[in-house]
Ligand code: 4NP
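Below sits a lone chain in structure tokens, taken as the form predicted on its own.
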Amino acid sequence: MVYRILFVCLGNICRSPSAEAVTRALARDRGTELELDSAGTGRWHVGEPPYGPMQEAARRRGHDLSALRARQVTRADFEAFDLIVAMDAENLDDLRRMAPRDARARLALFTDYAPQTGATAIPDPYYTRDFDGTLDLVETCARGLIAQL
């Protein structure tokens, strides 16, 4: 069985697509087979590629986000995935409200996989403009997540 993980942020144009791409690359490097996707709790950017400055920052680190397109979380995701990983507490609260009673997916914060950082959220670089800082934390959390699988 392949473990299925969905990464979720607000608009699915910065944090969650980066988490998807970084985790995919790290899993591939370790020989860990995963099915990964990303989505947003909001629908503002559905169908759009990740935000340009986020793509550029990721590309400098060897991560290509260009093929990804934003989508919104659906109720079906709670059955289709084993784990749904939120980028911050607000996203996690939204997911808890959306989840069906019999949801199969477990919910978690991405920063739970990197407690050594002291971070409780992945900052949204759309607002902070710190794309590299966000990627630093995403990479650390992704390594922690893969280590726990």
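Residue indices: 1-based, along the sequence shown. Because the structure is a prediction, the values reported are computed rather than measured.
Although not depicted, the form predicted in complex with this ligand is the subject of the following passage.
Would you kindly say which of Asp124, Asp82, Asp112, Asp94 lies with a heavy atom within 4.5 Å of this ligand in the predicted bound form?
Flagged contact: Asp124.
This ligand isn't shown here, but in the predicted bound form, which of 94-102, 23-31, 61-69, 37-45 has heavy atoms within 4.5 Å of it?
Of the options, only 37-45 has residues within 4.5 Å of the partner.
May I ask you to state whether Cys9 is within 4.5 Å of this ligand in the predicted bound form, using heavy atom distances?
Yes, Cys9 sits close enough to this ligand in the predicted bound form that at least one of its heavy atoms falls within 4.5 Å.
Wondering, does Ile13 line up within 4.5 Å of this ligand in the predicted bound form on heavy atoms?
Ile13: yes, in contact with this ligand in the predicted bound form.
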